[in-house]
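Only one chain is shown below, in structure tokens, and it's the form predicted alone.
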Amino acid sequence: MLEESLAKKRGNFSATVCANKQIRERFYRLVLEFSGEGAEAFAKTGAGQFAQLDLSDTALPSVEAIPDDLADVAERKILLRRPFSFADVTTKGNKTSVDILYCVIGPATLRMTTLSAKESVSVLGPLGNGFWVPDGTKTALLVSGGMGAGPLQHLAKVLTSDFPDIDVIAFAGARSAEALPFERRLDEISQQLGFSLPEFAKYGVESLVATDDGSAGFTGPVTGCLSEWLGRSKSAGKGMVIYSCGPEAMLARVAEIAKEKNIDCQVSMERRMACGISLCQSCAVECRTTGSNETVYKLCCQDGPVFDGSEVAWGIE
């Protein structure tokens, strides 16, 4: 059984950039490599954990490469570290590499695009608590919205390698086909067989795509695709766990669906994290207390970022 306390060993390590590949207009996949104590620490990283990157000294791209909507904020100083989860973790010999899926949305991620091979990055981690596998799990449904796909790719790898008897199915949603944070889609035959996304297909995981505008896969939100699939499933709720990462409104709906179907649900929450180690108290998540109407605040960086979906007091309800 995967425990929430995986990879408690953490530190501030120097990582070397191995690759920083653009996979779509604003989506990139950054590969960092650790050696020594860093390699040992990150080799034990659980799916759903994260790290804080120091990007304060990272250069800006050329003026021509800065999107118009970021022109006014591009030169802002990056004072705080930025949190990122992992799309993959690989250990070979005495080296450990981590893949970070990111989208250019602000001055920090804009600067990340200029990181090149052999540069060094200060990385604090691994941090937080990731996903876990309850005893008796037979089916795992991975439900992502937008950039939430990253940690679920890592989870797909962990589940298929460490828990081969568990059936894994991935659901990926976005506003449109171009907003899906994946490098490419497989050919038509592969899609008909249910392996639409290579990032999941390489682990033998079936995947379903949903887009709000209908430009790929199911037309509508990924939660609609999930509901439709569960409606057809003869074993919904029995030995099943839903793992989800994405926008909070989507997570709230996933938790609601899980409750209706009596399915265990784990959600990876997102909050602004100034420190990542529970000192600043800026990443509070309101949670219910068992057997009471009262709520308490837990820290996303320390108690999460993965929470039981039934535990979160969704403000959207």
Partner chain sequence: MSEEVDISVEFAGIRLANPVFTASGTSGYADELGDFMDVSSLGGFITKSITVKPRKGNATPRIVETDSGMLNAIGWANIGLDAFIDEKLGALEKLSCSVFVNIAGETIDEYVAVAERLAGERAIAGLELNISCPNVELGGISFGTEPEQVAEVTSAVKKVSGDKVLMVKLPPAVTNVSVIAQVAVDSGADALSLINTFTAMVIDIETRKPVLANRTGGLSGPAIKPIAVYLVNKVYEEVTKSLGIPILGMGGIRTVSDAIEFIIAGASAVAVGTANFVDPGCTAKIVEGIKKYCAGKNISNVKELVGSLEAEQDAAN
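This one's a predicted model, so the numbers in the text were calculated from it and none came from an experiment. Numbering follows the first chain given and starts at 1.
Below, we turn to the form predicted in complex with the partner chain, even though it does not appear here.
The three residues Arg26, Glu64 and Ala177 each lack any heavy atom within 4.5 Å of the partner chain in the predicted complex.
Residues with any non-hydrogen atom within 4.5 angstroms of the partner chain in the predicted complex fall in just one of 254-262, 27-35, 280-288, 43-51: 280-288.
In the predicted complex, the partner chain lies farther than 4.5 Å from every heavy atom of Arg111. Of the heavy atoms in Met250, none are within 4.5 Å of the partner chain in the predicted complex.
Interface membership of Gln22, defined by any non-hydrogen atom within 4.5 Å of the partner chain in the predicted complex, is ruled out. Within this chain, Leu230 is remote from the site of the partner chain in the predicted complex, having no heavy atom within 4.5 Å.
Only one of Ala117, Ile105, Ala71, Leu79 lies close to the partner chain in the predicted complex, with a heavy atom inside 4.5 Å, and it is Leu79.
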